[in-house]
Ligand SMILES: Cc1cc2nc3c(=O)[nH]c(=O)nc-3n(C[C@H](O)[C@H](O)[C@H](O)COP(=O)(O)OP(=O)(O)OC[C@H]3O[C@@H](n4cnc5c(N)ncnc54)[C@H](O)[C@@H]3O)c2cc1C
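Below you'll find only one chain, the form predicted on its own, shown as structure tokens.
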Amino acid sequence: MDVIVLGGGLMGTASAYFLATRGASVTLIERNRIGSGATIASFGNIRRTGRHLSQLPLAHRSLRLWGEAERMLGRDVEFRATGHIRLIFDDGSLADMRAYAEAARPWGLELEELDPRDIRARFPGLGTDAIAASFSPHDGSGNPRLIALAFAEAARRLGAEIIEGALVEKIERTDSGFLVATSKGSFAAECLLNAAGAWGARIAALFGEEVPLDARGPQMGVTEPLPDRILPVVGIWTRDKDYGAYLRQVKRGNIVFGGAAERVPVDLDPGHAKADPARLPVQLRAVARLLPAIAQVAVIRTWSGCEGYVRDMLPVMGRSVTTPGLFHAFGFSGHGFQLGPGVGDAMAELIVTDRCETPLDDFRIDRFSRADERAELTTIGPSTATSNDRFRIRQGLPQRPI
């Protein structure tokens, strides 16, 4: 089987690798450099806490693969299962956490609830005003600057062709499959996997599949080293977007942080956002709530990137409904890093065997057209809930992103 993979981020490179392990002949085409889009903008969080319930089977599959990554890929991608703690500062957020923990338990996610004494004893220096926290001990972090390159190199060793700096000029459906014309030549294959991230909706639209997706850039930063060691990834349960910060400490002591700053719109040509220094004070106030010591260190670098956000904050994964041989894996809405290896393995399984052991139905590309059709048939009263809120209501969860 011949497969063209469009997109050289974590999803595309992981898919190329797992396709190659299943014996497929793979050509991966990347418009810039491997890992230069959403992957490079990633915080590196490998967490399952707070995910939509329908994502948890995929997240579990992916976590197992993160644990095997060094052996599989032949290099250390700095996966560390140091745990994931989410601090809580008010009663409403505590209720949200408990509701989520109860709903997630049947899906295989167990969260430990910590009280203030537990937090001080186990994680001194974190959230001095926190009233509680959740803790997931098997989650952690990885290095976004290493993982896509590692998958690409491993795929290349298995025979995959990796082409960088190739702008796609035309995609055609042919009698035998697909023909992709690029600035570096034309390539043909039986199957096409659209893993183009924020550009994925453009490719889907070529085949009559519309996806409501916005390209946005997060604001990330890193400080000079702190002497104290903070092992887990740190986040927050909150309904207030101004406090939605997160952080982790790398081995050399630097604190990597993000969140609490509105993601800026990105023009897909050239397709990269710049960090805005004016947003940094608000962001740092939110981060300092989680780690007060950060107020004493200097920020040495900020950066951004380009991520694709789907209207309902769920990815698009699975078969095309209009075009045989076309598959999609894009739109991970700023929370795809943990899912990456599982996405690659699941898509390779689906493409090669025409089945997938992990349920993907909630990620179908035609869910938007089906929702529109249902809306036309149903009279709905006025509502201020977002589409993401409505999904959460169906899952029995709090209506705000957590």
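Everything numeric in this text was worked out from a predicted model, so none of it was measured. Don't overthink the numbering: it's just position in the shown sequence, from 1.
FYI, the form predicted together with this ligand isn't displayed, but the following is about it.
- Judged against this ligand in the model of the complex with a 4.5 angstroms heavy atom cut-off, the residues E30, E307 and F332 are in contact without exception.
- Within this chain, G342 is remote from the site of this ligand in the model of the complex, having no heavy atom within 4.5 Å.
- By the criterion of a heavy atom within 4.5 Å, R61 is excluded from the residues contacting this ligand in the model of the complex.
- R364 falls outside the set of residues with a heavy atom inside 4.5 Å of this ligand in the model of the complex.
- A residue is said to contact a partner when one of its heavy atoms sits within 4.5 Å of a partner heavy atom; V168 meets this definition for this ligand in the model of the complex.
- Stretch 214-222 is the answer when you ask which of 281-289, 96-104, 123-131, 214-222 has residues with heavy atoms within 4.5 Å of this ligand in the model of the complex.
- Contacts between 107-136 and this ligand, taken as any heavy atom within 4.5 Å in the model of the complex, involve no residue at all.
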